[in-house]
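Each of two forms of one protein chain follows alone as structure tokens, named structure 1 and structure 2.
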Structure 1
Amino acid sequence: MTTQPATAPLRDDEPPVNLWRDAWARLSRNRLAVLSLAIIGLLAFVAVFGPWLTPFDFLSQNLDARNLSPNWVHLFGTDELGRDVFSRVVYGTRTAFVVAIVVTGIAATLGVILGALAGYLGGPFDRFVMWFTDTTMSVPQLLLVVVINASLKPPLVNFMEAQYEATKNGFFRNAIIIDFVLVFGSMALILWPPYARLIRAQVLSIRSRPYVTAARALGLTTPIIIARYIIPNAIGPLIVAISAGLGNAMVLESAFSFLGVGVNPPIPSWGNMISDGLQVWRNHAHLLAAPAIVLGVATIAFSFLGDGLNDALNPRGRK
């Protein structure tokens, strides 16, 4: 008498199960997610190559063409200095993407390291990390950014000036560097706690799995176990969080620039363009509408992409 195998073998023409290929198949069936991915790809292309494709330099002024309404020459019109708004919005896309990618990268890296160690080690280190995350999240974001900028900008300016006097290198006279350093640092400081909480929760559910126990029995070190066995199995929720975090970082950068504590002129930012346009929107609405609409489209695209990635990587969570 013969017994049937518990599971039928795969046919030669049947592809093996693959998490990422299956996730991509589910994502490609989500029309909103695909459209959002296309919009984000277009914005990324504009951020990289747009400044070389625009008809005008974003800093060039023409006082004879001030406050023009949108036309075939100036697609988004001109501002009070005769600068082409379309060119400035395009360059603002680069600013938004650079800030979003760098800030999210720093925040996610810091959150993953601290969250993974806290969840895996537990004990006093876990309690300290969770206390630090709770303390950071309890402070209003705007207040924390203002305090960081107000307290650190004068010492940084003095340091850069001292370096310029010592070396006569014009690099140290570039105020834009100080703005970006403060923006990157302050925003990363307020955005890392959610990543730490997410990874900690994933690690707490993974660290008792048989393959982690086997890795410990084999004598592998804690960093190797975390990097090779724990973080790869928690990467799905992290990808979803990073996708949503990119859009959130763009909105925060624009909000801080709008309030004067982010990227400052002459570098175009959607936030400082919205701030300038808000003062004259009754007579020149295009100065407010152009950057605000682009920011809204980018934010919505990242939101829908995050929802699509959540459905694709966690199909059991769908209703």
Structure 2
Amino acid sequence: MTTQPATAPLRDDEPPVNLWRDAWARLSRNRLAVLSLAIIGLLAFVAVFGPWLTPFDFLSQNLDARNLSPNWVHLFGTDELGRDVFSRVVYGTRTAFVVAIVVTGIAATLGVILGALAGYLGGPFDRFVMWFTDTTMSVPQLLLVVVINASLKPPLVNFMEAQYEATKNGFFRNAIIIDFVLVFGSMALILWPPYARLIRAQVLSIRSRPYVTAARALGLTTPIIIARYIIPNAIGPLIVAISAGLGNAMVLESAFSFLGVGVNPPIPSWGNMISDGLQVWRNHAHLLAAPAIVLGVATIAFSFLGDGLNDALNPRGRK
């Protein structure tokens, strides 16, 4: 059994250790997390540049080439309108990423602000925020989105109509915009509570830690304490939550599109592609398989990445 000599002298060339370097080192050792990061990077690249690089436009129909199985021209085959499935999946990647990033961004911002304020101010505001998050989290997400969607659609449509009347700007007639706003709005409204609770818990616990008391005893002012002590300690769990949140948002978006309350055709979303594919999978399995597999891979990747980040940033959990 080879061992290092037990009398190795101290090495001065070792770099100083800090949380980020340590976390990155731990993360890069986790091969699964690195693989997931690579996959997500690839998907992100596809989301940004893909639609310009695909041979076919996702809208263009070719009625002579309907329901083709995967071949060299159409890598994933075609659907019942002759559209290239590969291009649609690629565009669906963009949909997924756009929705996930925007929604998570809104939800996280909202959640962090509310949570931080609640934790810091305490009192009745805190109680209200807590009650609000509790009740929001008590309503099953899908049902809540259904209700929000059903409730907000008519007023939104009316609002848009009124704006169109006022400005005669075609922008307001765009059904796609309405879809996206509804999706963003309802998802953000559901997804913010976990961030709020996380940040609030962090603020509360860090506030009472001895080193914050020590900082106060040294005469440091509140903004400095927040910047130097609270934020750096709260960022770790926040990063983990955001990573998991992105994956969650993607799954949610596809679920809603599947149900018809999310992104509707002709804009491709993995969800609505799966929904269409479900009608005909027995004869044309590729229509279901393509978006389903890509969705699955993306979700798993985000999940593993989240786990890896958690291990990297919270080392206490390991033996």
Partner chain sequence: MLLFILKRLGIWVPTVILVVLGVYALAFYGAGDPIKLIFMRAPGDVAYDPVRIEAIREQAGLNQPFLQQFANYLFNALRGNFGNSLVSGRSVWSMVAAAAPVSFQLGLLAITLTAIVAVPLGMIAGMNQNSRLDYAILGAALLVWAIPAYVAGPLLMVFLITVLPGAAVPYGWGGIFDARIILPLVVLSFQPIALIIRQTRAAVIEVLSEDFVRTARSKGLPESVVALRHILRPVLTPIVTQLGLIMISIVNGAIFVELVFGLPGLGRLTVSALTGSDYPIILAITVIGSFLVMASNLLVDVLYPILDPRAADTRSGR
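Every value quoted in this text rests on a predicted model; they were computed, and no experiment measured them. Whichever C-alpha set is largest while still superposing within 1.5 Å between the two forms counts as the rigid core. Throughout, residue numbering runs from 1 along the sequence of structure 1.
The form predicted on its own appears here as structure 1; structure 2 is the other form of the chain. In this overlay on the rigid core, N233 has a C-alpha that sits 2 Å or more away from its partner position between structures 1 and 2. In the core-superposed comparison between structures 1 and 2, T109 has its Cα shifted by less than 2 Å. The Cα position of N71 differs by less than 2 Å between structures 1 and 2 after fitting on the rigid core. With the core fitted, the CA of E161 sits 2.9 Å away from its counterpart between structures 1 and 2. Once the core is aligned between structures 1 and 2, the alpha carbon position of T221 differs by 8.4 Å; this is the C-alpha shift at that site.
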